[in-house]
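Okay, here we've got a single chain as structure tokens, the form predicted on its own, with questions on binding and movement later.
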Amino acid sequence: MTNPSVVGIDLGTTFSLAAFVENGRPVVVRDATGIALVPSCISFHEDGSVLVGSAAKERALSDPEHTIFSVKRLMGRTLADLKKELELIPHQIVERETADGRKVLHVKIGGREYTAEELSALILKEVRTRAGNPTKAVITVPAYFDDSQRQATRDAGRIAGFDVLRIVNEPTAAALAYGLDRRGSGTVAVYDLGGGTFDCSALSLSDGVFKVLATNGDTYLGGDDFDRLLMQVAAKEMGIDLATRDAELLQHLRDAAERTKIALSTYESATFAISITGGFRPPLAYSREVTRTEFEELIKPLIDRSLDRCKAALRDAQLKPAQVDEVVLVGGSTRIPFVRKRVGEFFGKTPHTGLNPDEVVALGAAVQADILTSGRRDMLLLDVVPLSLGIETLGGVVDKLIHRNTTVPARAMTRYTTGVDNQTAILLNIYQGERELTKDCRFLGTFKLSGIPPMPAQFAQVDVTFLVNQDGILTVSAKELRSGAQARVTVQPAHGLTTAEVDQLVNDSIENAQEDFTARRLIELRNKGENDLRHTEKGLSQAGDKLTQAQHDAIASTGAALRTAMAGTDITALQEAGMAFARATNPLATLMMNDVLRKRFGGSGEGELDAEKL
């Protein structure tokens, strides 16, 4: 085999593998026996040696306490995110807080603690060794991985010794591999059901341009969850409480469940059997037949969840199932006949199964790696942002700068002003989600723009720029135009998104759209009214003696009416009161303009952003 300098890697929950382009075509890396898949499994020995891949998986039953699997589900997570899964994870997982306040999971094993990034790096090193130690890589992630999980994946690649050229979404990579033999035009839906995650993406293909129209997914849905359901059935019948987290029992149950699931893709029934002898426990044996029908009933709610994500992706892409030309199946879990049947019924056409579902993501990653390093220009990959990104303004409103399903790389800029007098610093709070208020979105991070000269409120001009790169990672920069003060940060989220939160972020935005808009508009109008009243009061103290009595009376009466409207919830009345007050204060504003520009200001302070843009 040729030793490539650059590879595409599918870092999977259950299996990982690499591929590279040879003579213009992508091929997967195989070992001496022709096997391409590297089990995403790690086993630690007491002497400090580490086994990765098949050798580690073989030790899972004999040494379950020192063998780790499904590391991908820990990437960018916190303990709170894993609450529902902890009882089935035999290893001790602890949460450590970093100096900058971020929470990082550690797995305690063999007297040491390892982060998910370190463990994933061990898997990547094994893949790299098998490929002949290439130096560069494109690594794939689920489309619904958030910033924290993408950063964690990139970090794992660097730990493994790779120059990570790009982070690519798995369904997009699959479409890229599929599209090599299809240079015409059309619409493709990629249904990607792997060991730990699910994604559905709708793409358009036209003359070598692969554009993602929309993506949706669930980072807690995959083959591991099918195994878990079988494990829970067996445990219940055996009268065993899985919450005890007995490592040996959990590993035997997991192994039996996986074998049963795989067998049921070929046969109408399979035997779920475990036998544990020796050690400190009394002998334990269990056996029962599981029919394919029984298994299908068990996983039906999970398949329904996946199809709900498909509906959401098509809705965002403004497509109906009948308008999709081809459906591509990706991920080992799509080998399950029931999955293929349900997907075919949903889209109204037989899914495309010509490519190996285990290998297609790595093949597409290899194509992208070749595009990035060879200078090829006959193909273009256009991906999207999975969730909207924005900044908190006064009153807890989220001002969205980059909207979900925007093509990356994406850049957006908006201008803000300060909310109080003599403000010398601004705190930028960054959020991710689809709702209008911060309390309904996910906090990503914060940073401070300092060094602003003292100025009156609304006098400073702050340009805030959001940049999402090709990896889907966000960088935020801010600059105050009058002083030149600026700051820049690559957002490091405090933690990742849970499935429930991802669901709510999108679904609630649809269900509560009118309510959200009303709440947001009221806050914005109240903020504006408060600002106008405050500045008018200040102006009257400085130049009120130059106004006529009639002008004073008009400002007083319209100001009182504005305060009354601000206390209510009638948007129309508030808008009219604000306009009337603005007309009444026009003479004062004219008088104040020159005075404000000539006056010298002093003092210091720090406050929030004003929701009113300049």
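If you're wondering where the values come from, they're calculated on a predicted model, not measured in any experiment. The first residue of the sequence shown is number 1, and the count goes up from there.
Keep in mind that the form predicted in complex with a small molecule is not shown, yet the notes after this line are about it.
Quiz item: Applying a 4.5 Å heavy atom distance criterion, does G529 contact the small molecule in the predicted complex?
Solution: No, G529 sits far enough from the small molecule in the predicted complex that none of its heavy atoms falls within 4.5 Å.
Quiz item: E258 near the small molecule in the predicted complex, any heavy atom under 4.5 Å?
Solution: Yes, E258 is a contact residue.
Exercise. May I ask you to state whether G217 is within 4.5 Å of the small molecule in the predicted complex, using heavy atom distances?
Key: G217: no, not in contact with the small molecule in the predicted complex.
Quiz item: Can any non-hydrogen atom of L298 be found within 4.5 angstroms of the small molecule in the predicted complex?
Solution: L298: no contact with the small molecule in the predicted complex.
Exercise. Spot the stretch among 234-242, 345-353, 407-415, 190-198 with residues whose non-hydrogen atoms come within 4.5 Å of the small molecule in the predicted complex.
Key: In short, 190-198.
Quiz item: Which of these residues, E117, D224, E436, D370, gets a heavy atom within 4.5 Å of the small molecule in the predicted complex?
Solution: Looking at E117, D224, E436, D370 one by one, just D224 meets the 4.5 Å heavy-atom criterion.
Practice problem: With the small molecule left out of view, choose which of L213, I93, A478, I336 has a non-hydrogen atom within 4.5 angstroms of it in the predicted complex. | Solution: By the 4.5 Å heavy-atom cutoff, the listed residue in contact is I336.
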